[in-house]
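Structure 1 and structure 2, given next as C-alpha cells, are two forms of the same protein chain, each shown alone.
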Structure 1
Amino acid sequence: GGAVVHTSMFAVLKEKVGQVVVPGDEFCFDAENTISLSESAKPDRAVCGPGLRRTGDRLVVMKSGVLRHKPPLTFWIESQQKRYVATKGETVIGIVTARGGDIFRVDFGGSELASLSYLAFEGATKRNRPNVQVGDLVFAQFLIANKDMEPELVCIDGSGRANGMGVFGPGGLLIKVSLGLVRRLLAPKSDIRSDLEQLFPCELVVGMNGRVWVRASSVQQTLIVANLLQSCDTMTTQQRQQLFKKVQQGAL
C-alpha cells in the first residue's frame, strides 16, 4: 500500500538501496528536518512493496534481503524464498486434487487449496463443461487471494478470454524451483531465457508459485532442460553460462 513519507525519510531510504537489510531495520522520521525553509514541506508518497511495512510514520523491514528501488517512488525487498504465498493477479500452475459441486479444488503449494469454478474457463457454460480431470495441471490466475479468505482461481481474464490460461496438454514435466529463479525467468530481458532459447526448442510455462512446466521434442531433451533449470538456481551468471556451453557441445 501507499505510505506518506516525508522527504527526509526518502533521502535515508535511497541511501540504503542496493544494500542488504534485516528484519527490524527502521527508516525513521527525523522531526528536525521538516522545519527547513529551503525544502518544500510537501510530503512524498512512497509505495511499499513486498517485505516492507508501515507502522505509524516509520517504514519497517519484515524480511531479510536487498533493498531495491524503482523510480520514482517504489521500494521493495528482494528476498530468496521457496514457499509461495497467494497474491491477487499472479498466474500459477496448480494441480487439480478434487472435483465437487460446481468447483475444482486446486493445489498451488500454499497453505490451503484454492477453488476453481467450472464456469471460469473460456467458452464454458452449464451444459458445456470443461474437460478437466483430477490430477490435471491448470494455468490460472488468482481472482481472490488475501490472508482472510479462501483463495479463488480463474482461467479467464477480465474480458472472458483464456489469454494462455487453462488446462495443460499431455506430456511435459513439472519441476519445482525457488521463487527467485521464477522472477528471473519472467523478467523482461531475461538472461536465462535467452540462453535456453539457443539450446533446444522447448515449451516453457512459468508459474509464479515456483512451478515450471517444460516440454521439448524428446524425453531426453525435456529432462536436460529440467535439470538445467533446477541447477542454475544457485549458480552465478558465469557458472551458468559455462554449464550451458558444456551442454551445447554435447558433453552431458
Structure 2
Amino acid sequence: GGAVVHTSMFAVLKEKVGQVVVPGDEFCFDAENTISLSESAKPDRAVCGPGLRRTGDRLVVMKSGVLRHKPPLTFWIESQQKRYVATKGETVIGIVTARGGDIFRVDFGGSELASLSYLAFEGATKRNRPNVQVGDLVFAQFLIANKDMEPELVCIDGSGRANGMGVFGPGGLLIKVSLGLVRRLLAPKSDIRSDLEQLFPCELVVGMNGRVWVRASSVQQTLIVANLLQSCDTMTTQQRQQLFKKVQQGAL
C-alpha cells in the first residue's frame, strides 16, 4: 500500500507546481495511509530543495515563491522574480520621469521606460491636454509589450474610458511589494485585503509591477497600512492575523 500514499502526496504537490506558495503552507500525508506504510515507503523519499523543510510527515514552505518540480522527486521554491516584465493588458503603477513633445516617459520598474501618449487619457484632445507633470504617479495599462518594441502604456480602456486609470490624486503613499504578494492582493477574495479594510478604511491600488498605492484617512494610518502590507510578504497567515489583531487593539 506504500505506493498509494506516495501518489497522494505527490499528486497534491504536483497540482501546486507552478503556483505561488507562501511561508507556512503545508503538504501532508493522509493519516490513514501512513499507518499501512512499510518503512521503505516513508514520505522522506521526496527531496526538499531550497525553501522547503520536512517536519515529520509534512513538507512545510519556508519562503514565498513558485513551487517547482524536477522529476522524479525533487521539489523546491523558486524565489519571486525581482524585476517585473511588461505584459500586454496588465495594469501597473508608473512614475512619469520626462515629457517630450506628445509623449511622456514612464518608469514602471522594468528594464526600460515605457511611453505614454498625452492622448491616451479620457477626454484628452490636442487642445485639451491632460494635466500630467514629471514626478506624477499614473495607473496605466500596457497596450504594447513585446521584445521588439518599446512598451507603451495607456490610461484608457478600449472604449476610451479611464476606468480607474490616470494620474493619482494628492496624498497617498507608494510602496513596493513582491510580485507574489501582488497576486495575493489581487485574488478575487483576498483575505489580506479584507483584513486590512476591517482595520482601517483605506484605498488600495495594486499594480501588477509590485507597486501599491495606499491612502487611509490620516497620514499616520496610511503609514501603518503601508508597514503592515510590507510585512505581509514574509509572514504566514497566522502571523499576519496576530499582527493585525495587535494593531487593532492598539488602534481602537
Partner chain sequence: MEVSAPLNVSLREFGCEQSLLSRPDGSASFVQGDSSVMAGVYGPAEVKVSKEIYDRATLEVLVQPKVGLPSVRERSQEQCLRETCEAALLLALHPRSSLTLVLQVLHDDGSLLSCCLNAACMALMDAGLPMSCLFCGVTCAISADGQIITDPTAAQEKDSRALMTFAIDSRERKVMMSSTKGSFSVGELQQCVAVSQRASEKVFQFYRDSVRRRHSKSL
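Rigid core (definition): largest C-alpha set, two forms, superposition within 1.5 Å. Only a predicted model underlies this, so the values are computations on that prediction, with no experimental measurement involved. For numbering, take structure 1's sequence and count from 1.
- Structure 1, not structure 2, is the form predicted together with its partner chain.
- Taking the rigid core as fixed, one finds a CA shift for residue 69 of 2 Å or more between the two structures.
- Superposition on the rigid core between the two structures places the CA atom of residue 243 less than 2 Å from its counterpart.
- In the core-superposed comparison between the two structures, the CA atom of residue 18 travels 7.6 Å.
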